[in-house]
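Given next are two forms of a protein chain, the same chain in both, each as structure tokens and marked structure 1 or structure 2.
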Structure 1
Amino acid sequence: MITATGLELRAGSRVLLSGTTLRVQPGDRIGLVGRNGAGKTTTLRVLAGEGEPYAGDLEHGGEVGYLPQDPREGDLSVAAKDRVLSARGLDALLRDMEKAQTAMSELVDDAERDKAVRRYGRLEERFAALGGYAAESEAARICANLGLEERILTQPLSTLSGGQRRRVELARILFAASEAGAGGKSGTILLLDEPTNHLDADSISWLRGFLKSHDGGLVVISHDVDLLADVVNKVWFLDATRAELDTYNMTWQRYLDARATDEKRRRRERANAEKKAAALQKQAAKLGAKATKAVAAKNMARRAEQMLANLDEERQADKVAKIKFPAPAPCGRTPLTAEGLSKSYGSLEIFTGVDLAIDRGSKVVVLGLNGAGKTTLLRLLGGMETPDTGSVVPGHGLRIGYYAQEHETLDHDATVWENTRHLAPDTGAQELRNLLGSFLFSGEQLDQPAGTLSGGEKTRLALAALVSSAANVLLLDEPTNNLDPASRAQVLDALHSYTGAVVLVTHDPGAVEALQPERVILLPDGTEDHWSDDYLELVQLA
């Protein structure tokens, strides 16, 4: 059980939450929702004991498995499989067993070999006693279900993509939490921040099943409404406009209805306040005409002003980005061509002999299963990585805008302003300010270091930086991850009316529908085809 009392959370000078009591109990499956930047990640970090609240007390009983929104740093030299097994301390034992095994086969001295054999026997006994064999296959099963193939598990974390590393972390946490099945203790509380990012449709549906049957307590932050509808039995709604957290002890569908009713009531209250303010203003104007009532009139007018100002503040905080991608810089007919691209990592061939030509203003979707090399292809096109064979040929006037899934294009130490400024040196300050404003960055937030932004805010900034440079070929890798539904709709809208060329990698069918692609590239073969809606099914599978 986790209990937080008198909780106050702040971000800079902004109050995110105050005087709140939160409790996570066995059997709870809580969906934590709210707009980008509302403070969901901050709340979960504090519940996990990894962040200090501004004020309040936290009580922890039992194990907690926390999946942060960003991939964790840490020792990246360990193999992925060991990272997962380390959740139950089995990794060290396995390593020792392997050592003893090598010794057994290599030693020539009989006495020493016998020693190694005995040592192996002892280790093996312990491993078996700890349920090691069952655990190992269980870990392998969880990994497979999360789309982590055998070959990936033997690689050190440092060679994995951010998305793969996050899946390893998720596997590790779920492996630890599933100990109950092996006859051990149960009751791990799972705190998961956007667990479905980087997962394909099969993995997501498996994860849903896992979470649905987890009864040790769960708080999940997700923009995936299907997952919420399927899994949660309580909802915490974090409202940035009021710095409050509303608890709804009900399923997702009931919550949606209750929220709608609450919103309606608030709108009604707002309308009433507006009416009252208007009446006050009218009265004040009337009274103001009489010299003897001037003071009373002034007070009335001030009260009306205050009422209206409060209302404005609320609306401001609830604003939705009106995102518009600026016009791309002029370029030749085919700004980007690639010939015979091949790429391997070690002995693993990702793809070979891929040709493609991106015409001005054309829209292309890249499809392929997990590991087929979609991100790799974008990185080659963007010049972030060099191909083993073949080449990327820039056309006349090419300006590439590369959006990385992991926001690696952002300079985390630089501010929001600096991150866009250097990409658009020719843009006037006011123009840039307007552009950032349309991505909902203004005031103090322009000076905030990008590394401290929330996940959705980072996505917004990376997209703003990308288009501020008047790029004419956008390479987009999962651009809708982390966005709340309202912001996602805005980004898709902007994408829809963008006149430059786009090469898109996504699991989000809505993004493909918004793009209305003409062509599709199928990896790993690099086959090109005209887009048809039959491919839409593949998008989710990919």
Structure 2
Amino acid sequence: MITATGLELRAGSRVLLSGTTLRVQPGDRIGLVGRNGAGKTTTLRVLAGEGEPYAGDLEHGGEVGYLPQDPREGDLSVAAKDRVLSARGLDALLRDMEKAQTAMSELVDDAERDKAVRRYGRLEERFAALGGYAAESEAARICANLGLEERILTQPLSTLSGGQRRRVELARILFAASEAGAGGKSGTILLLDEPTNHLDADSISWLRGFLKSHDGGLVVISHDVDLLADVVNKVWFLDATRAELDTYNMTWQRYLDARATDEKRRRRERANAEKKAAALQKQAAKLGAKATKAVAAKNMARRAEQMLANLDEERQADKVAKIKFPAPAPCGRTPLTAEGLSKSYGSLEIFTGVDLAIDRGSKVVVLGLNGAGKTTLLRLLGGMETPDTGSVVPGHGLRIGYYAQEHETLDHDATVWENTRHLAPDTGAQELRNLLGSFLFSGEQLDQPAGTLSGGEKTRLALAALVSSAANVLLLDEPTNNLDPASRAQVLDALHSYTGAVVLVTHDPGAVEALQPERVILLPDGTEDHWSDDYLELVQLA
């Protein structure tokens, strides 16, 4: 169980939550929702013990599995398989068992060999208590269901894409929480921040089933409404306008219905109160003209004020970033060409012999299964990595704008203002402030380190940097991840109206439809084809 009492959370001087009591118990499957920047990620971090609240007390009564949006820490030299097994300490045990086996076969001294045999026996006993080889099989099953093939599991984490590392972390957490865990416990509380990011349709479907059957407690932040509808039995709505959290002890659909009913009630009550208050104020104004009625007039006016003050605060419509990609700078007919690109990590070949030409204003979608090299190809085109063979040739007037799915283009230690100023050094200060304001960054938030932003806020900041770039070729890697529906709609409108060239990687069919691509690149073979709506079925699977 997790219990928080008197919880107060802040971002700078902005209050996100105040005097809140929260409780997560076994059987709870809670959807934590609210607009981008409301404080969902901060709340989850604090519940996980990864951040400190401004005020209040927090108690943990069991194991917690926390998946942040952006897992960057840890030893990246570790193999992916060992990282997953480390959730139950099996990786170290297996290494120690291998050492003991080697000692048993190589030691000549009988006493030393007997000592190694006894050590191996103790290790094997411990290994069996943790589920043994059945647990290894369980870990492999979870990894496979999350799209992590055996060839990926043998690689060091440093060679994996950000999306692959995130799936490894998710597999590790689910492995620790599964019923085959140490002592057969399944009471781990899962705190998952956008767990469906980077998953294909089959993996998302499997994850829904896993979470729906998990009985140890769950808090999930997700913009995947199908997952919320399938899994949650309670909703926490974080209201940014009131710095309060509303609890709905019901399923997702019933919550949506209740919110709609609640909003209608608020509007109706406010309209009635405003009508009555206006009548009182009008009457008070008439009486106020007579000296003998001055007291009565003041009482009427006071009653009208109280009538309005006692209403629930009116919920303002959520502000939405005004996203419009830049007017592209002039360029030649073919601003970007790639010839014979190949890339390998160690002995693992990602792709080879990829050729493409990005013409002025062309729209291209890159498709391929997870691990096929889609992100790698964009990084090569953007100059973030160097190909093993082949070359990327810039054409006349090329200006690249690169949006990275893991926000690698942001300096997480620099402030919001510093990040944008670095990418647009020639833009006037007021013009830059106006730009950031249109992306909902203003006031003290300009001085906030980028690393402390939520996933949706990082997405908005990275998109703001693109807008300031005057790029004529946009390389977009999952640009709709972490966005609430209103912000996603803005990105789709911006994609639809942008007149420059776009190379898009996405699992979002809506983004592809908004782009209206002319061509598709299929990885790992690098095959190029004219776009057809038949490919749309592959987008979520890719």
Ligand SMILES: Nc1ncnc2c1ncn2[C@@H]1O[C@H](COP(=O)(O)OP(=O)(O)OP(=O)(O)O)[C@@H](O)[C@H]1O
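Each form is matched to the other, and the largest set of C-alpha atoms that superpose within 1.5 Å is called the rigid core. Bear in mind that the values here come from a model prediction, so they are computed numbers and not experimental data. By convention here, residues take numbers in order along the sequence of structure 1, the first being 1.
A.B. asks: Between the two structures, is it 1 or 2 that corresponds to the form predicted together with the named molecule?
C.D. replies: The chain shown first - structure 1 - is the form that fits the description.
A.B. asks: Once both forms sit on the same rigid core, is the C-alpha displacement of N233 at or above 2 Å between the two structures?
C.D. replies: No; N233 is a residue whose C-alpha shifts by less than 2 Å between the two structures when the cores are overlaid.
A.B. asks: Just checking, between the two structures and with the core aligned, does T409 shift 2 Å or more at the CA?
C.D. replies: No; that C-alpha moves by less than 2 Å between the two structures.
A.B. asks: Could you tell me whether the Cα atom of Y255 shifts by at least 2 Å between the two structures after core superposition?
C.D. replies: For Y255, whose C-alpha is compared between the two structures after core superposition, the shift is less than 2 Å.
A.B. asks: After superposing on the rigid core, what is the C-alpha displacement of R433 between the two structures, in Å?
C.D. replies: Comparing the two forms, R433 shifts 2.6 Å at C-alpha.
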